[in-house]
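Consider the single chain below, provided in C-alpha coordinates and representing the form predicted on its own.
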Amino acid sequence: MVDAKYQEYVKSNLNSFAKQIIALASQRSVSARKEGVEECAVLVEKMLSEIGATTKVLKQEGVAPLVYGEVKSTKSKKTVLFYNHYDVQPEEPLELWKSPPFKPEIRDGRIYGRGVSDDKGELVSRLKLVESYLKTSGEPPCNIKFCFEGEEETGSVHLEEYISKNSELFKADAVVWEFGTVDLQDRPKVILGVKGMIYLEFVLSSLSQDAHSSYAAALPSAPWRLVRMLNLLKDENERVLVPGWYDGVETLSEDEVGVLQKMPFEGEEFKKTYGAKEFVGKMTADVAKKALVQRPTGNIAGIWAGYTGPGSKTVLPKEIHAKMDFRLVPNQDPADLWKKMRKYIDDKGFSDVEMQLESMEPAARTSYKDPFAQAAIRAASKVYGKEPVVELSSPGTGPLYIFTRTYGMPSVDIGVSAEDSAIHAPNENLRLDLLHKGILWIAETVEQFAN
(Lines give C-alpha, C1' and ligand atoms only; values in the text may rest on other atoms or scores of the structure.)
Protein backbone atom coordinates (compact mmCIF):
# COMPACT_ATOMS: atom_id res chain seq x y z
CA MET A 1 0.00 0.00 0.00
CA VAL A 2 1.21 3.56 -0.67
CA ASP A 3 3.02 4.79 2.44
CA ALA A 4 1.34 6.56 5.34
CA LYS A 5 3.00 9.90 4.62
CA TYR A 6 1.53 9.92 1.11
CA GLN A 7 -1.90 8.91 2.37
CA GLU A 8 -1.90 11.65 4.99
CA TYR A 9 -0.91 14.31 2.43
CA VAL A 10 -3.80 13.34 0.16
CA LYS A 11 -6.27 13.28 3.04
CA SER A 12 -5.20 16.60 4.54
CA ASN A 13 -5.18 18.40 1.17
CA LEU A 14 -8.49 17.12 -0.14
CA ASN A 15 -10.21 20.51 0.24
CA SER A 16 -7.38 22.15 -1.69
CA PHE A 17 -7.72 19.54 -4.44
CA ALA A 18 -11.48 20.22 -4.62
CA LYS A 19 -10.82 23.95 -5.02
CA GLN A 20 -8.54 23.19 -7.97
CA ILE A 21 -11.32 21.18 -9.62
CA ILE A 22 -13.74 24.05 -9.04
CA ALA A 23 -11.25 26.52 -10.54
CA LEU A 24 -10.78 24.41 -13.67
CA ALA A 25 -14.48 23.62 -14.06
CA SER A 26 -15.30 27.33 -13.75
CA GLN A 27 -13.49 27.89 -17.04
CA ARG A 28 -15.85 27.12 -19.92
CA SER A 29 -14.38 24.80 -22.54
CA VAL A 30 -17.23 23.55 -24.72
CA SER A 31 -15.46 22.07 -27.72
CA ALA A 32 -18.69 21.65 -29.72
CA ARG A 33 -18.93 25.45 -29.81
CA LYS A 34 -15.17 26.14 -29.62
CA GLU A 35 -16.01 28.12 -26.49
CA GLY A 36 -13.21 28.86 -24.02
CA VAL A 37 -11.04 25.97 -25.18
CA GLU A 38 -7.88 28.03 -25.78
CA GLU A 39 -8.25 29.75 -22.40
CA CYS A 40 -8.72 26.40 -20.66
CA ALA A 41 -5.56 24.99 -22.26
CA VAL A 42 -3.60 27.91 -20.79
CA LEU A 43 -5.03 27.16 -17.34
CA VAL A 44 -4.24 23.42 -17.63
CA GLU A 45 -0.64 24.15 -18.64
CA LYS A 46 -0.32 26.50 -15.66
CA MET A 47 -1.63 23.82 -13.28
CA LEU A 48 0.84 21.30 -14.70
CA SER A 49 3.73 23.73 -14.20
CA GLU A 50 2.66 24.44 -10.63
CA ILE A 51 3.03 20.80 -9.58
CA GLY A 52 6.57 20.75 -11.00
CA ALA A 53 6.01 19.14 -14.40
CA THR A 54 7.95 20.05 -17.52
CA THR A 55 5.32 21.23 -20.00
CA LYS A 56 4.83 21.71 -23.70
CA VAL A 57 1.77 23.02 -25.51
CA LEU A 58 1.30 21.56 -28.99
CA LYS A 59 -0.72 23.63 -31.43
CA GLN A 60 -2.28 23.45 -34.88
CA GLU A 61 -4.16 26.26 -36.58
CA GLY A 62 -7.87 26.18 -35.78
CA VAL A 63 -7.44 23.16 -33.49
CA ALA A 64 -7.64 22.88 -29.71
CA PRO A 65 -4.15 22.78 -28.16
CA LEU A 66 -2.79 19.53 -26.75
CA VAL A 67 -1.10 20.05 -23.38
CA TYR A 68 1.83 17.72 -22.62
CA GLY A 69 3.62 17.30 -19.32
CA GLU A 70 6.35 15.11 -17.86
CA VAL A 71 7.76 14.30 -14.43
CA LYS A 72 10.82 12.06 -14.35
CA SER A 73 11.82 9.52 -11.71
CA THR A 74 15.03 7.74 -10.77
CA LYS A 75 13.11 4.90 -9.07
CA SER A 76 12.07 3.01 -12.19
CA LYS A 77 12.72 3.01 -15.92
CA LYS A 78 9.03 2.44 -16.60
CA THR A 79 6.75 5.22 -17.78
CA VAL A 80 3.02 5.61 -17.19
CA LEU A 81 1.03 8.04 -19.31
CA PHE A 82 -2.13 9.75 -18.06
CA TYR A 83 -4.60 10.63 -20.81
CA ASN A 84 -7.38 13.10 -20.00
CA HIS A 85 -9.30 15.87 -21.72
CA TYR A 86 -10.10 19.42 -20.65
CA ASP A 87 -13.05 20.03 -22.98
CA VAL A 88 -16.63 19.43 -21.82
CA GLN A 89 -20.08 18.78 -23.18
CA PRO A 90 -22.57 21.63 -23.76
CA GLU A 91 -24.46 22.50 -20.59
CA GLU A 92 -28.01 22.47 -21.97
CA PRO A 93 -30.78 22.10 -20.88
CA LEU A 94 -30.05 24.90 -18.42
CA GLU A 95 -33.45 24.79 -16.72
CA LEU A 96 -32.67 21.37 -15.23
CA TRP A 97 -29.56 22.50 -13.36
CA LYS A 98 -29.96 23.17 -9.64
CA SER A 99 -26.93 25.50 -9.71
CA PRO A 100 -25.12 27.30 -12.56
CA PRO A 101 -23.11 24.73 -14.56
CA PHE A 102 -19.98 26.90 -14.77
CA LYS A 103 -20.12 28.13 -11.18
CA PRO A 104 -19.39 24.83 -9.40
CA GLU A 105 -20.46 24.42 -5.81
CA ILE A 106 -20.21 21.76 -3.11
CA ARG A 107 -23.43 20.25 -1.74
CA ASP A 108 -23.82 17.14 0.41
CA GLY A 109 -20.29 15.88 -0.15
CA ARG A 110 -20.30 16.37 -3.92
CA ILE A 111 -19.01 19.04 -6.30
CA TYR A 112 -21.67 20.03 -8.86
CA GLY A 113 -20.83 21.62 -12.21
CA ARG A 114 -20.19 20.85 -15.87
CA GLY A 115 -17.00 18.84 -16.26
CA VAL A 116 -16.35 18.19 -12.56
CA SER A 117 -16.39 14.47 -13.31
CA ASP A 118 -15.97 14.26 -17.09
CA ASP A 119 -13.18 15.04 -17.23
CA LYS A 120 -11.76 17.93 -15.24
CA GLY A 121 -12.09 16.23 -11.86
CA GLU A 122 -10.29 13.19 -13.23
CA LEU A 123 -7.61 15.40 -14.80
CA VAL A 124 -6.97 17.26 -11.55
CA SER A 125 -6.82 13.96 -9.64
CA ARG A 126 -3.86 12.90 -11.80
CA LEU A 127 -2.08 16.18 -11.16
CA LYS A 128 -2.62 15.94 -7.42
CA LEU A 129 -1.59 12.29 -7.38
CA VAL A 130 1.83 13.30 -8.76
CA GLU A 131 2.01 16.44 -6.61
CA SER A 132 1.50 14.25 -3.54
CA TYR A 133 4.53 12.14 -4.49
CA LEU A 134 6.68 15.19 -5.14
CA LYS A 135 5.72 16.73 -1.78
CA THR A 136 6.18 13.57 0.28
CA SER A 137 9.06 11.69 -1.35
CA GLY A 138 10.51 14.02 -3.97
CA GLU A 139 9.60 11.93 -7.01
CA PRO A 140 6.93 9.53 -8.30
CA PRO A 141 7.54 5.76 -8.36
CA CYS A 142 8.18 5.85 -12.13
CA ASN A 143 8.32 8.34 -14.98
CA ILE A 144 4.98 10.07 -15.56
CA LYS A 145 3.67 11.69 -18.74
CA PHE A 146 0.49 13.70 -19.23
CA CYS A 147 -1.53 14.00 -22.43
CA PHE A 148 -4.42 16.45 -22.06
CA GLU A 149 -6.48 17.16 -25.18
CA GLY A 150 -9.31 19.59 -25.90
CA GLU A 151 -11.39 17.76 -28.53
CA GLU A 152 -12.46 14.50 -26.89
CA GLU A 153 -16.11 15.50 -26.71
CA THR A 154 -16.13 16.16 -30.46
CA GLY A 155 -14.42 12.91 -31.49
CA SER A 156 -10.69 13.60 -30.89
CA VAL A 157 -10.44 14.39 -34.59
CA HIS A 158 -6.87 15.74 -34.43
CA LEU A 159 -5.40 13.66 -31.61
CA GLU A 160 -3.88 11.03 -33.90
CA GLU A 161 -2.17 13.74 -35.96
CA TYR A 162 -0.77 15.36 -32.81
CA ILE A 163 0.57 12.00 -31.59
CA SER A 164 2.07 10.95 -34.94
CA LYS A 165 3.92 14.27 -35.29
CA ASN A 166 5.32 13.98 -31.74
CA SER A 167 5.59 10.21 -31.35
CA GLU A 168 8.66 10.26 -29.10
CA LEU A 169 6.90 12.45 -26.54
CA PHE A 170 4.13 9.96 -25.95
CA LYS A 171 6.08 6.71 -25.68
CA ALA A 172 5.21 4.91 -22.45
CA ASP A 173 4.81 1.44 -20.99
CA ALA A 174 1.16 1.82 -19.96
CA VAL A 175 -1.67 4.33 -20.03
CA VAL A 176 -4.24 5.24 -17.39
CA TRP A 177 -7.30 6.24 -19.39
CA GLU A 178 -9.44 9.29 -18.80
CA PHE A 179 -12.17 8.12 -16.48
CA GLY A 180 -13.03 5.52 -13.89
CA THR A 181 -15.87 4.76 -11.52
CA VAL A 182 -17.26 2.71 -8.71
CA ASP A 183 -20.58 0.99 -9.40
CA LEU A 184 -23.87 1.57 -7.57
CA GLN A 185 -22.66 -0.69 -4.73
CA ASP A 186 -19.38 1.27 -4.45
CA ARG A 187 -17.33 -1.54 -5.98
CA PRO A 188 -14.36 -0.16 -7.96
CA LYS A 189 -14.51 -0.92 -11.68
CA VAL A 190 -11.44 -1.82 -13.75
CA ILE A 191 -12.39 -1.21 -17.37
CA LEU A 192 -10.09 -2.67 -20.02
CA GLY A 193 -11.27 -1.14 -23.27
CA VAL A 194 -13.73 0.91 -25.27
CA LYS A 195 -15.96 0.33 -28.24
CA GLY A 196 -15.22 2.07 -31.52
CA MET A 197 -17.63 4.38 -33.31
CA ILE A 198 -18.71 5.93 -36.58
CA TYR A 199 -20.62 9.17 -36.01
CA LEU A 200 -22.34 10.63 -39.05
CA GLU A 201 -25.13 12.85 -40.26
CA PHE A 202 -27.53 11.92 -43.04
CA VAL A 203 -28.87 14.87 -45.05
CA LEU A 204 -31.57 14.67 -47.70
CA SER A 205 -32.99 17.62 -49.65
CA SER A 206 -36.00 17.07 -51.93
CA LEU A 207 -37.03 20.69 -52.57
CA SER A 208 -35.31 24.05 -52.95
CA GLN A 209 -37.61 25.59 -50.32
CA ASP A 210 -40.29 24.59 -47.84
CA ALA A 211 -43.74 24.23 -49.39
CA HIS A 212 -47.34 24.33 -48.20
CA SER A 213 -48.26 20.87 -46.92
CA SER A 214 -51.18 20.68 -49.34
CA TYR A 215 -48.58 20.23 -52.09
CA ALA A 216 -47.55 16.91 -50.55
CA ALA A 217 -50.09 15.40 -52.93
CA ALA A 218 -47.70 16.16 -55.79
CA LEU A 219 -44.25 17.04 -54.40
CA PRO A 220 -41.73 14.64 -52.84
CA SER A 221 -41.26 14.50 -49.05
CA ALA A 222 -37.67 14.42 -47.83
CA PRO A 223 -38.69 13.24 -44.31
CA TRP A 224 -40.66 10.27 -45.57
CA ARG A 225 -37.89 9.28 -47.96
CA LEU A 226 -35.18 9.36 -45.28
CA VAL A 227 -37.39 7.48 -42.81
CA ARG A 228 -37.73 4.70 -45.40
CA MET A 229 -33.97 4.60 -45.83
CA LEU A 230 -33.30 4.52 -42.09
CA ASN A 231 -35.65 1.56 -41.83
CA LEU A 232 -33.26 -0.40 -44.09
CA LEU A 233 -30.27 -0.01 -41.77
CA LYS A 234 -31.37 -2.36 -38.95
CA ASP A 235 -33.75 -5.26 -38.55
CA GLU A 236 -36.18 -5.90 -35.69
CA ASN A 237 -33.46 -7.86 -33.86
CA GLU A 238 -31.18 -4.79 -33.76
CA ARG A 239 -28.79 -6.28 -36.31
CA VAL A 240 -27.21 -3.81 -38.74
CA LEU A 241 -28.17 -4.92 -42.26
CA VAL A 242 -25.20 -3.50 -44.18
CA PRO A 243 -23.50 -6.50 -45.90
CA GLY A 244 -20.14 -7.33 -44.29
CA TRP A 245 -20.82 -5.30 -41.15
CA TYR A 246 -19.95 -8.23 -38.89
CA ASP A 247 -17.05 -9.67 -40.91
CA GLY A 248 -14.12 -10.28 -38.57
CA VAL A 249 -16.12 -9.93 -35.36
CA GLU A 250 -14.95 -12.68 -33.06
CA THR A 251 -16.76 -14.40 -30.24
CA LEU A 252 -15.37 -13.93 -26.75
CA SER A 253 -12.71 -16.40 -25.65
CA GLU A 254 -13.42 -18.87 -22.87
CA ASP A 255 -11.39 -16.75 -20.45
CA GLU A 256 -13.24 -13.59 -21.48
CA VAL A 257 -16.59 -15.31 -21.04
CA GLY A 258 -15.47 -16.20 -17.52
CA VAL A 259 -14.63 -12.56 -16.76
CA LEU A 260 -17.99 -11.46 -18.18
CA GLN A 261 -19.91 -14.00 -16.11
CA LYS A 262 -18.26 -12.73 -12.91
CA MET A 263 -19.14 -9.15 -13.75
CA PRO A 264 -22.19 -8.10 -11.71
CA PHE A 265 -24.98 -6.40 -13.59
CA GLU A 266 -28.04 -5.07 -11.81
CA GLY A 267 -30.43 -5.31 -14.73
CA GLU A 268 -33.52 -4.08 -12.90
CA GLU A 269 -31.65 -1.13 -11.41
CA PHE A 270 -30.19 -0.29 -14.82
CA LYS A 271 -33.66 -0.21 -16.41
CA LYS A 272 -35.06 1.78 -13.50
CA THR A 273 -32.36 4.43 -13.84
CA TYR A 274 -33.48 5.20 -17.39
CA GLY A 275 -37.18 4.48 -16.96
CA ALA A 276 -37.10 1.51 -19.34
CA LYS A 277 -39.77 -1.17 -18.97
CA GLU A 278 -37.66 -3.82 -20.69
CA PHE A 279 -34.38 -4.32 -22.52
CA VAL A 280 -34.38 -3.93 -26.29
CA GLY A 281 -35.79 -7.01 -27.99
CA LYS A 282 -36.97 -8.23 -24.56
CA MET A 283 -33.49 -9.65 -23.93
CA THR A 284 -32.57 -11.00 -20.52
CA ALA A 285 -30.21 -9.18 -18.17
CA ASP A 286 -27.40 -11.65 -18.98
CA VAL A 287 -27.80 -11.02 -22.71
CA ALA A 288 -27.95 -7.26 -22.10
CA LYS A 289 -24.71 -7.42 -20.11
CA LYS A 290 -22.93 -9.17 -22.97
CA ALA A 291 -24.44 -6.79 -25.53
CA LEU A 292 -23.01 -3.76 -23.73
CA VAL A 293 -19.55 -5.30 -24.11
CA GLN A 294 -19.66 -7.08 -27.47
CA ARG A 295 -22.64 -6.04 -29.60
CA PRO A 296 -22.24 -3.43 -32.37
CA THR A 297 -25.01 -0.84 -32.39
CA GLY A 298 -26.77 1.55 -34.77
CA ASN A 299 -28.36 4.42 -32.86
CA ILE A 300 -30.34 7.44 -34.07
CA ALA A 301 -28.95 10.24 -31.91
CA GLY A 302 -31.14 12.97 -33.38
CA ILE A 303 -33.54 13.62 -36.26
CA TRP A 304 -35.14 16.88 -37.36
CA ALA A 305 -37.08 18.48 -40.19
CA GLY A 306 -39.79 21.07 -40.77
CA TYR A 307 -41.65 22.77 -37.95
CA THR A 308 -41.19 21.55 -34.37
CA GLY A 309 -42.43 24.55 -32.37
CA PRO A 310 -45.68 24.93 -30.41
CA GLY A 311 -48.99 24.86 -32.24
CA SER A 312 -49.40 23.87 -35.87
CA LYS A 313 -47.72 24.87 -39.10
CA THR A 314 -48.73 23.07 -42.27
CA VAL A 315 -45.43 22.70 -44.07
CA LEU A 316 -43.77 20.26 -46.47
CA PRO A 317 -40.10 20.45 -45.38
CA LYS A 318 -37.46 20.91 -48.05
CA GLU A 319 -34.94 18.73 -46.17
CA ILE A 320 -34.31 16.40 -43.25
CA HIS A 321 -31.28 15.63 -41.08
CA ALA A 322 -30.51 12.59 -38.94
CA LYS A 323 -27.45 12.01 -36.77
CA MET A 324 -26.42 8.42 -36.03
CA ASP A 325 -23.70 6.70 -34.05
CA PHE A 326 -22.62 3.15 -34.80
CA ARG A 327 -20.68 1.54 -31.93
CA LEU A 328 -18.08 -1.00 -33.03
CA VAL A 329 -16.24 -3.91 -31.39
CA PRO A 330 -12.67 -5.21 -31.94
CA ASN A 331 -11.79 -6.17 -35.53
CA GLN A 332 -14.37 -3.85 -37.09
CA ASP A 333 -12.62 -1.29 -39.31
CA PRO A 334 -14.62 1.95 -39.35
CA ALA A 335 -13.12 3.17 -42.64
CA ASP A 336 -14.08 -0.09 -44.36
CA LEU A 337 -17.57 -0.02 -42.85
CA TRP A 338 -18.08 3.56 -44.01
CA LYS A 339 -17.50 2.46 -47.62
CA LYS A 340 -19.78 -0.56 -47.21
CA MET A 341 -22.57 1.61 -45.84
CA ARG A 342 -22.29 4.07 -48.73
CA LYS A 343 -22.48 1.20 -51.24
CA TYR A 344 -25.43 -0.40 -49.44
CA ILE A 345 -27.42 2.85 -49.40
CA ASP A 346 -26.66 3.48 -53.07
CA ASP A 347 -27.60 -0.08 -54.03
CA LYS A 348 -30.94 0.38 -52.25
CA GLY A 349 -31.70 3.39 -54.43
CA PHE A 350 -30.83 6.21 -52.01
CA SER A 351 -27.76 7.71 -53.66
CA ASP A 352 -29.36 11.14 -53.14
CA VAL A 353 -28.88 10.81 -49.38
CA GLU A 354 -25.73 12.63 -48.30
CA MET A 355 -23.49 11.05 -45.65
CA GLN A 356 -21.44 13.56 -43.62
CA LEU A 357 -18.76 12.04 -41.41
CA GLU A 358 -18.35 13.56 -37.96
CA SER A 359 -15.79 11.13 -36.52
CA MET A 360 -14.65 7.52 -36.60
CA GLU A 361 -12.43 5.42 -34.36
CA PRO A 362 -11.89 1.68 -33.92
CA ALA A 363 -12.38 -0.26 -30.70
CA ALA A 364 -9.47 -1.00 -28.34
CA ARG A 365 -9.07 -3.56 -25.58
CA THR A 366 -6.41 -4.78 -23.12
CA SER A 367 -6.24 -8.36 -21.86
CA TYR A 368 -7.27 -8.75 -18.23
CA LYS A 369 -4.17 -10.95 -17.85
CA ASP A 370 -1.84 -8.06 -18.67
CA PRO A 371 0.44 -7.08 -15.73
CA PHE A 372 -0.88 -3.51 -15.75
CA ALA A 373 -4.47 -4.73 -15.59
CA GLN A 374 -3.57 -7.08 -12.76
CA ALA A 375 -1.84 -4.22 -10.91
CA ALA A 376 -5.05 -2.16 -11.10
CA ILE A 377 -7.14 -5.12 -9.89
CA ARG A 378 -4.86 -5.79 -6.90
CA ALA A 379 -4.66 -2.08 -6.06
CA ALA A 380 -8.46 -1.75 -6.07
CA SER A 381 -8.77 -4.59 -3.58
CA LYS A 382 -6.22 -2.98 -1.26
CA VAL A 383 -7.68 0.53 -1.31
CA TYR A 384 -11.39 -0.34 -1.26
CA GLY A 385 -11.17 -3.56 0.74
CA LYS A 386 -13.41 -5.37 -1.74
CA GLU A 387 -13.00 -7.27 -4.98
CA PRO A 388 -13.26 -4.95 -7.99
CA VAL A 389 -15.57 -5.39 -10.94
CA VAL A 390 -13.57 -6.18 -14.08
CA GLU A 391 -15.17 -5.03 -17.34
CA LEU A 392 -13.76 -6.22 -20.65
CA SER A 393 -14.93 -3.03 -22.33
CA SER A 394 -16.90 0.10 -21.73
CA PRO A 395 -19.98 0.43 -23.95
CA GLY A 396 -18.69 3.94 -24.72
CA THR A 397 -15.97 5.18 -27.04
CA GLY A 398 -12.70 7.08 -26.88
CA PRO A 399 -9.45 7.46 -28.84
CA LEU A 400 -7.73 4.70 -26.87
CA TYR A 401 -6.70 2.88 -30.08
CA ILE A 402 -4.17 5.63 -30.84
CA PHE A 403 -2.08 4.51 -27.87
CA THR A 404 -2.77 0.78 -27.86
CA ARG A 405 -2.09 0.41 -31.59
CA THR A 406 0.70 2.94 -32.05
CA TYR A 407 2.71 1.95 -29.00
CA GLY A 408 1.25 -1.39 -27.98
CA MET A 409 0.49 0.04 -24.53
CA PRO A 410 -1.79 -1.77 -22.11
CA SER A 411 -4.50 0.47 -20.72
CA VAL A 412 -6.81 0.58 -17.73
CA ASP A 413 -9.76 2.87 -17.16
CA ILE A 414 -9.72 3.70 -13.43
CA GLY A 415 -10.46 6.91 -11.61
CA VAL A 416 -12.33 8.97 -9.06
CA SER A 417 -15.94 9.11 -10.25
CA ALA A 418 -19.21 7.30 -9.54
CA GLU A 419 -21.73 5.70 -11.86
CA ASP A 420 -24.31 8.27 -10.80
CA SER A 421 -22.09 11.28 -11.61
CA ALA A 422 -24.57 12.44 -14.28
CA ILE A 423 -21.89 12.96 -16.91
CA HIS A 424 -23.14 14.73 -20.05
CA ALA A 425 -26.31 15.61 -18.12
CA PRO A 426 -27.56 18.44 -15.89
CA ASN A 427 -26.22 18.39 -12.30
CA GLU A 428 -23.00 16.55 -13.18
CA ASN A 429 -21.17 15.84 -9.94
CA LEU A 430 -18.11 14.35 -8.25
CA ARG A 431 -18.12 12.66 -4.83
CA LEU A 432 -15.35 13.99 -2.59
CA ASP A 433 -14.88 10.64 -0.83
CA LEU A 434 -14.15 9.01 -4.19
CA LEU A 435 -11.69 11.78 -5.09
CA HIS A 436 -9.76 10.68 -2.01
CA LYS A 437 -9.96 6.93 -2.58
CA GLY A 438 -9.53 7.20 -6.33
CA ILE A 439 -6.22 9.04 -6.03
CA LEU A 440 -4.93 6.34 -3.67
CA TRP A 441 -6.17 3.62 -6.06
CA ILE A 442 -4.37 5.06 -9.08
CA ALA A 443 -1.23 5.68 -7.01
CA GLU A 444 -1.21 2.09 -5.75
CA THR A 445 -1.67 0.84 -9.33
CA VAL A 446 1.29 2.89 -10.53
CA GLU A 447 3.46 1.69 -7.64
CA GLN A 448 2.66 -1.95 -8.23
CA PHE A 449 3.34 -1.60 -11.95
CA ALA A 450 6.59 0.33 -11.40
CA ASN A 451 7.88 -2.33 -9.02
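Predicted model only: the values in this text are computed from it and were never measured. Numbering starts at 1 and follows the sequence shown. Take the two forms, superpose them, and find the largest set of C-alpha atoms that agree within 1.5 Å; that set is the rigid core.
The protein also exists as the form predicted together with a further copy of the same chain; that form is not presented, and the subsequent description refers to it.
Visitor: Quick check: do 195, 278 and 325 each get a heavy atom within 4.5 Å of a further copy of the same chain in the model of the complex?
Guide: The answer is yes; 195, 278 and 325 each reach a further copy of the same chain.
Visitor: Looking at 300-308, 255-263, 180-188, 127-135, which stretch has residues with any non-hydrogen atom within 4.5 Å of a further copy of the same chain in the model of the complex?
Guide: Heavy-atom contact with the partner occurs in 300-308.
Visitor: Using 4.5 Å between non-hydrogen atoms, is residue 248 touching a further copy of the same chain in the model of the complex?
Guide: It does not: once a further copy of the same chain is placed as it appears in the model of the complex, residue 248 has no heavy atom within 4.5 Å of it.
Visitor: Even though the partner isn't displayed, in the model of the complex is residue 215 close enough to a further copy of the same chain, meaning a heavy atom within 4.5 Å?
Guide: Yes, residue 215 sits close enough to a further copy of the same chain in the model of the complex that at least one of its heavy atoms falls within 4.5 Å.
Visitor: Considering non-hydrogen atoms and a 4.5 Å limit, does a further copy of the same chain approach residue 220 in the model of the complex?
Guide: Yes.
Visitor: Report whether the minimum heavy atom distance between residue 224 and a further copy of the same chain in the model of the complex is within 4.5 Å.
Guide: Flag for residue 224 set to yes.
Visitor: With a further copy of the same chain left out of view, which of 336, 161, 358, 92 would have a heavy atom within 4.5 Å of it in the model of the complex?
Guide: Going through each option in turn, the one that passes is 358.
Visitor: Pick from 273, 99, 166, 331: which residue has any heavy atom within 4.5 angstroms of a further copy of the same chain in the model of the complex?
Guide: It is 273.
Visitor: What residues in 376-397 sit within 4.5 Å of a further copy of the same chain in the model of the complex, counting heavy atoms only?
Guide: Going through 376-397 in order - heavy atoms within 4.5 Å of a further copy of the same chain in the model of the complex - the hits are 395, 396.
Visitor: Is the shift of residue 358 between this form and the one not shown large enough to count as movement, that is, does its C-alpha move by 2 Å or more after the core is superposed?
Guide: After core superposition, the displacement of the residue 358 C-alpha between this form and the one not shown reaches the 2 Å mark, so yes.
Visitor: For residue 275, is the CA shift between this form and the one not shown at least 2 Å following rigid-core superposition?
Guide: The answer is yes; the displacement is at least 2 Å.
Visitor: Once you overlay the rigid core, does the Cα of residue 130 travel 2 Å or further between this form and the one not shown?
Guide: Shift of 2 Å or more: no.
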